[in-house]
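The data below hold one chain only, encoded as structure tokens and taken in the form predicted alone.
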Amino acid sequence: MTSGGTAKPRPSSGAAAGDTDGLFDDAFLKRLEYLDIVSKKAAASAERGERRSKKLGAGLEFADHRRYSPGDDFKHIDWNVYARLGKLLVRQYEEEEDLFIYVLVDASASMAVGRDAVPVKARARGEVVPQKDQHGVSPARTKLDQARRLAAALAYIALASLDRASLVTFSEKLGQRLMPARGKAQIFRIFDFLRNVQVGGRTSFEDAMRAFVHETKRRGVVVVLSDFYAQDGWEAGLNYLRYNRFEPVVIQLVDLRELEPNLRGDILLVDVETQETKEMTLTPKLLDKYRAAHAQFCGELETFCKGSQIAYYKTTVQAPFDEVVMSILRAGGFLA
């Protein structure tokens, strides 16, 4: 990635000044600017290859010669070679292509788990604003909220680096799409887009990834933000991205309330995506099996990603979004 300018974006309608949900307020914007600085330092100090692709075009860096063909511009003929060898050869130059960053946000029903986690009495008193962190940023309340903040932060880093950022939602199929944009000022369009994400339905991961590939002409980096609770699994979808020359980056979102459910006794479980129900008696032993199964699920996803050379990160809803982004930057999975 190349470094962009340092001009700060100015809020438009629906931006930080008018933020009512606490997702993208002034404190959030300040953390984005800090992350931009961190990303530039990481890119400058890292000894890794550029993701930007090279193609033959009208650039400045010489690449190769080719034989002259009728119709070629005379100004590209290498006359020095003609003088030495008597051959008409045309100079070719490398042209740098923009890097496209696609951020795919899971908008299935399971991503809304935790939305009503505020105690009933507190909600009745209107105490719906959670305690803020040391930077004045309110913690996320759901997996979707965390996904939206991470999507905004990663998109901002891409925009500030003069790359093109695009956002897409998915569940049973592809949802809304924000077309690729460039420049820091586009972050407010991204805020508006993310605020309007509608949650619902089940996850059909393979179908969504296939639709994304078929509808996307330009290859690039694909950041997938999801809990990966897909009805059809996740392996085929991730492989489909790889086989079609996209570069996946997996960010798995979990909620500590899922890992440690405050439930005991006879309960009726309802699948939020399929609405299937199951009656059971929840005991400490059964909870231990549940935690072990969840750990195995996460471990299988991580092992698959590492074996397929896919960058993998796992984070909780409760983790500060900027710390998550900084860990990704330090690992080099987004800038490499």
Partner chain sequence: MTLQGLGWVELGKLFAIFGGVMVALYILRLRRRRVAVPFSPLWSRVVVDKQASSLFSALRRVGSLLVQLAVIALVVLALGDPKVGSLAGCVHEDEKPPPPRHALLVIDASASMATVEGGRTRLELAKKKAHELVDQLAVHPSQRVMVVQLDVATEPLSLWTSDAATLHAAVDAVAPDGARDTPTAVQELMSLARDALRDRSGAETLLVSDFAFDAPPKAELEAIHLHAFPIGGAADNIGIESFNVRPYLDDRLAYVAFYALRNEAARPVPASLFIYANPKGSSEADFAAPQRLIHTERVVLPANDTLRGHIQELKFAGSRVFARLVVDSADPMRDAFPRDDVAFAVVPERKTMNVQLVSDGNLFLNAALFLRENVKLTTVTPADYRGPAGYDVTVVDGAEVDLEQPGNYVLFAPPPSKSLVVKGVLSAPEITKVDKKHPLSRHVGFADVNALEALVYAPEKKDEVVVSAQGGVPLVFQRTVPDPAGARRYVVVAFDLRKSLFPMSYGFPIFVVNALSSFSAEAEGLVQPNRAGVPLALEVASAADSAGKGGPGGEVAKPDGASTIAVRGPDLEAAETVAMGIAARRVGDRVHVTLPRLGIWEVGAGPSAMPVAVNLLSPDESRILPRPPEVPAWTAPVFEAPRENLWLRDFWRVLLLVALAVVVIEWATWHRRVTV
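For clarity, every value in this text was computed on a predicted model and none was experimentally measured. Positions refer to the first chain, counted from 1.
Note that the form predicted in complex with its partner chain isn't included here; everything after this is about it.
- Contact between D98 and its partner chain in the predicted bound form is not found at the 4.5 Å heavy atom cutoff.
- For T283, a non-hydrogen atom is located within 4.5 Å of its partner chain in the predicted bound form, even though that partner is not displayed.
- Taking the partner from the other structure, its partner chain in the predicted bound form has a heavy atom within 4.5 Å of a heavy atom of Y290.
- Looking at V272, you'd find a heavy atom of it within 4.5 angstroms of its partner chain in the predicted bound form.
- Comparing 83 to 91, 227 to 235, 204 to 212, 147 to 155 against its partner chain in the predicted bound form, the single stretch with non-hydrogen atoms within 4.5 angstroms of it is 227 to 235.
- For the candidate set R245, R218, R264, K173, a heavy atom within 4.5 Å of its partner chain in the predicted bound form is found for exactly one residue, namely R264.
- When its partner chain is considered in the predicted bound form, only one residue from V113, V197, I77, A181 comes within 4.5 Å through any heavy atom, namely V113.
- With contact defined as any non-hydrogen atom lying within 4.5 angstroms of its partner chain in the predicted bound form, the stretch 304 to 330 contains no contacting residue.
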